[in-house]
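Encoded as structure tokens, the following chain is the form predicted alone, with no partner shown.
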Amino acid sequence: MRYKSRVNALIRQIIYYRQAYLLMLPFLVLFSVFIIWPVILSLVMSFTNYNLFQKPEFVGFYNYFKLFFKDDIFLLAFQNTLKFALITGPIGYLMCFFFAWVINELHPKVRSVMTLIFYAPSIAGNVFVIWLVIFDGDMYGYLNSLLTSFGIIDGPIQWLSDPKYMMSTVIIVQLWISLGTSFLTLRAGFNTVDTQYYEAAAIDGIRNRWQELWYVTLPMMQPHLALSAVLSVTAAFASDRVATVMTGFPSTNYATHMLIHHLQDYGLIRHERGYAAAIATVIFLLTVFFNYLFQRFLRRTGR
């Protein structure tokens, strides 16, 4: 009965706000066709053996069993992805918030310039050229040359081909370009806080910028904080561009092999679409799980 009453209440709401729902209809149709339906189709395909040339064959949970018990490269990619995401996700999120806050304290004319400067690396197409020169493996690489001149190392380090250093190098570059959409979301959030709240808080006893940030700004920015968290976590699990450009695909000893790389390998090269769909489902569930943890953390801290 409770379910039926909720359905009836939803129907009445749709009828009452029918004009608003009609305006939303084009977006809902596009979102359903290009987002929801592919996710459902991928989930269904993950239980099949499908290679583009034959009809899908239902295999149950065999693809998932193969992933976790027979595919050593998947387990390595799973480990690399968790390490990469757990470092770049939270740190990238904190970096976005810190720089958005610092820029918000500047003069309005300076804010626009500084926002562009910080956001530019995430949209620049040839941004990796700089890092490829810095981490070049010969003595002419900037980092090797600098460390040698200070006597820290005796010979060049292969930053982009030695498994000992590859993941750290990729993480550094990823953090540098992490000031993307999440950063702009937080910048917009700071701009939406009405200055009247700061005046009222000053009357109530707020005396410095830190108290303003904690008691006024963060509570008012809760929607932006939540959206930025979703963007940061999703980007951390879906990122493969930096590792591909910096260390190649496949990388040496699969040192920077991510789940996205494994998905591309089976989906685009081997054309084992059923198995690739299982990998995509694992990535999707990981993203949803860590987004849930992040959102729960924000709610429990009252932010």
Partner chain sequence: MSRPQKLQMRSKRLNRSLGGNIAITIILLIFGLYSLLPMVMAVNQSLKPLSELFIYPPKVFVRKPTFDNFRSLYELISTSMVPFSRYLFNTVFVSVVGTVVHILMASMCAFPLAKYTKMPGNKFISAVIVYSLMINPTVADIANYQTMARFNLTDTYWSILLPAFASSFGLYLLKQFIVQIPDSLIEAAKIDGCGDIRINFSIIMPNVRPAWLTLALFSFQNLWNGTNSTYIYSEQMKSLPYALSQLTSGGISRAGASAAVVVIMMIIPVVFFLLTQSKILETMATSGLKD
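Positions refer to the first chain, counted from 1. Whichever C-alpha set is largest while still superposing within 1.5 Å between the two forms counts as the rigid core. Fair warning: this is a prediction, and the values are worked out from it, not measured in the lab.
The protein also exists as the form predicted in complex with its partner chain; that form is not presented, and the subsequent description refers to it.
Peer 1: Which of L82, I130, L76, I157 has a heavy atom within 4.5 Å of its partner chain in the predicted bound form?
Peer 2: None of the other options qualify; the answer is I130.
Peer 1: Can all three of L94, I152 and P163 be found with a heavy atom no more than 4.5 Å from its partner chain in the predicted bound form?
Peer 2: The answer is no: none of the three residues contacts the partner (heavy atom, 4.5 Å cut-off).
Peer 1: Check whether R299 has any heavy atom within 4.5 Å of a heavy atom of its partner chain in the predicted bound form, and answer yes or no.
Peer 2: Flag for R299 set to yes.
Peer 1: Taking heavy atoms and a 4.5 Å cut-off, does E105 contact its partner chain in the predicted bound form?
Peer 2: Yes, E105 is a contact residue.
Peer 1: Should Y50 be classed as touching its partner chain in the predicted bound form when contacts are defined as heavy atoms within 4.5 Å?
Peer 2: Although its partner chain is absent here, Y50 would touch it in the predicted bound form, with heavy atoms inside 4.5 Å.
Peer 1: Can M246 be called a contact residue for its partner chain in the predicted bound form at 4.5 Å between heavy atoms?
Peer 2: Looking in the predicted bound form, residue contacts with its partner chain do not include M246, since no heavy atom lies within 4.5 Å.
Peer 1: Using a 4.5 Å cut-off on heavy atoms, what residues in 31-49 are near its partner chain in the predicted bound form?
Peer 2: In sequence order, F31, V33, F34, I35, I36, W37, P38, V39, L41, S42, M45 come within 4.5 Å of the partner.
Peer 1: Checking P26 here: with the core superposed, does its CA move 2 Å or more between the shown form and the other one?
Peer 2: Yes: P26 shifts by at least 2 Å between the shown form and the other one.
Peer 1: Could you check whether the CA atom of I14 moves 2 Å or more between the shown form and the other one, using the rigid core for the fit?
Peer 2: Yes, its C-alpha moves 2 Å or more.
Peer 1: Aligned on the rigid core, do the two forms place the Cα of Q222 2 Å or more apart, comparing between the shown form and the other one?
Peer 2: Superposed on the core, Q222 moves its C-alpha less than 2 Å between the shown form and the other one.
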